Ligand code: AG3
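We begin with a single chain expressed as structure tokens, specifically the form predicted on its own.
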């Protein structure tokens, strides 16, 4: 019997029993492991850090996909940066109103291996006719494309190795340049309690680029150490303060069945604890209608 110990933090972590090793090898960019655990199902690990599990992935992917799309209200073009396991693509493609989805993933082997070993994550979304998958560095793509988007979702690894550039001011500026008027950028920003420096840095960099920025949160069991934060950035402050009634209307019209997301959770997710507000340099949660 093997055990896997996550290496994200030096003095704290989590341990999984490896009930079945499904794959382990180095790709061109990172060390990739997929194993089965009795409690969490299949687990994807990149460079010693848990990326996703079958058991709890729905929380992360629903919150990073549905919050910006439903807040926007008329998203036609969506860009996903990263997300090689396919679950973000699955959730975005559930929105029938979205007409074009581009996914940019740096590591083609992640795509191939996740389609093979984690098929429930993508659930056939890669075969959707609206989807274009490109193998490229996300920052390079944004700096060279002429395409514009209503929503950009950065579903990246932590700011280590291939994911480091996706937390830079250059990346945020490139996203800003490729958003349509009223467009929204959302990002994964780690566990606030355990990664405050990364959160504070992201806050400063987003504030330097976007008129309206904040973070929202959800608790995801395998992202240990407290609440997971998601970056939110746009030039339309009204999108963050959207009322419950229009959210309800859009959610019902979408016909999407969720396991975690609902309009009440959407609005509540932007209310952050005091220690997180201090970390990002804000004194209080702005009032919402």
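Small disclaimer: the values here were computed from a predicted structure and weren't measured. Positions refer to the first chain, counted from 1.
Missing here is the form predicted together with the named molecule; even so, the following discussion is about that form.
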For this session: Quick one: from 33, 256, 50, 239, grab the residue that has a heavy atom within 4.5 Å of the named molecule in the predicted bound form.
Result: 50
Problem set entry | Residue (of 185, 191, 75, 79) lying close to the named molecule in the predicted bound form, criterion heavy atoms within 4.5 Å | 191
For this session: Can you check 239 to 247, 34 to 42, 256 to 264, 50 to 58 and let me know which stretch has heavy atoms within 4.5 Å of the named molecule in the predicted bound form?
Result: 50 to 58
Exercise. Can any non-hydrogen atom of residue 23 be found within 4.5 angstroms of the named molecule in the predicted bound form?
Worked result: no
Exercise. Would residue 201 count as touching the named molecule in the predicted bound form under a 4.5 Å heavy atom rule?
Worked result: no
Exercise. Though only this chain appears here, would residue 67 touch the named molecule in the predicted bound form if you measure heavy atom gaps against 4.5 Å?
Worked result: no
For this session: Would you please decide whether residue 122 lies within 4.5 angstroms of the named molecule in the predicted bound form, comparing each non-hydrogen atom pair?
Result: no
For this session: Enumerate the residues of 225 to 261 that have a non-hydrogen atom within 4.5 Å of the named molecule in the predicted bound form, in sequence order, or give none.
Result: 228
